[in-house]
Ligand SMILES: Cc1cc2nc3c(=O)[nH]c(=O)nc-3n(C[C@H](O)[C@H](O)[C@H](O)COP(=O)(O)OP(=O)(O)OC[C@H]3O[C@@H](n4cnc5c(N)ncnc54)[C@H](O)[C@@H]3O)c2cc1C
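One chain comes next, on its own, written out as structure tokens in the form predicted on its own.
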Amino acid sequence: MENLKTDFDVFIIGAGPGGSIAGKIAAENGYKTCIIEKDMIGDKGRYKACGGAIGWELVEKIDYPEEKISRKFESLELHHVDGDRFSKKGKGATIWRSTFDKFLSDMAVDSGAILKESEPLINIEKIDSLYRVSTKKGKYIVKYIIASDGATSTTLKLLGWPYFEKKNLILTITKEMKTSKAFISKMLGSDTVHAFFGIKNLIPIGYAWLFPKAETITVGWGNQINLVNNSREEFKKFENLTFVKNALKGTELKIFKSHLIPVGLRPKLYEDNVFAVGDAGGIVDPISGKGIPYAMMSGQIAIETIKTCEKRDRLDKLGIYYEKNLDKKFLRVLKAKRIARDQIFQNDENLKKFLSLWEKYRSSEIIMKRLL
């Protein structure tokens, strides 16, 4: 095995935001880097069921081109089915994940990473301190693996990692409804996104949303998976709300898709040179379901951890350093939010109190300052 040649230092499975940023940072730091993606990535391809709302700070951080933004927004309207309504100010943008992911994967390639599209993972074998990764198109000997292939990660399934508890998974349904810019502005406002709550009469643990893009309304619904009895009927309850019914009048269904979002950490995030990033590790905001920025940061932190541990000759501490660095950046807050989530969704009174506080404060402030 001493003569086994390593094809790549860093091998990334999944070209989403976490994988592409990991690829970019790895290549910039001189690691021979490969990203494999089971689908084709293109400006109009590789549809991802995602609301696609991101904060303006992320737009500025990555210098995301304005022409790739579907719609800017200035506020988030929070509707409770009882009739109460809360308005949270905050600048952001709605984007198509196909376009966004293409932009990030191009960044990785421009930095020197190799991207292999339409190349699904088949198997992973441990060989001493290395891995043999088999795909539909080839076999590769690699040192480090970054699992960035979502909540149902094939990578981590093949490696026998434990899966999420059911209480830490949200089943979402997404519809893309085609309409006109003018109709969207009339019904939903020209610079507003909408979220809908109601434990007793809508969704026990979760929420629904209308996120307008240029000429499309992304209609979404998400509930804790073990509380779902009939997802289509429960989704229909949301669609039958007067506000929603009016907003979708005359729209044309283009896409209908279900998707899983983790809202709690996977039981482990690292083992034997394998890092779980983004949704694969459950690194998602448990209250809002926001995952894109955390996926990107966890991808970056994974590579920075490798670099630091190699420099200090502390490869035996990779897992400890990875989680410690995640904690420093944001993971401690996400863990606290996961605990608080159960309190928030305990009853509608608690939920409305949280929504009222959310108008004025960031959710992290509410939780860490114990304002609830």
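Note that residue numbering follows the sequence shown and begins at 1. Values in this document were obtained by computation on a predicted structure and should not be read as measured data.
The discussion below concerns the form predicted together with the ligand, not included here.
- Checked against the ligand in the model of the complex, the candidates A295, V263, I146, A113 yield a single residue with a heavy atom inside 4.5 Å, and that residue is A295.
- This chain is drawn without the ligand; in the model of the complex, the residue among V59, C309, V333, A49 with a heavy atom within 4.5 Å of it is A49.
- Just one listed stretch, out of 81-89, 169-177, 196-204, 138-146, contacts the ligand in the model of the complex at the 4.5 Å heavy atom level, and that stretch is 169-177.
- The ligand is not shown here, and in the model of the complex it never comes within 4.5 Å of any heavy atom of P286.
- In the model of the complex, at least one heavy atom of I36 sits within 4.5 Å of the ligand.
- In the model of the complex, the ligand lies within 4.5 Å of some heavy atom of R97.
- For A53, a non-hydrogen atom is located within 4.5 Å of the ligand in the model of the complex, even though that partner is not displayed.
- Contacts between 338-372 and the ligand, taken as any heavy atom within 4.5 Å in the model of the complex, involve no residue at all.
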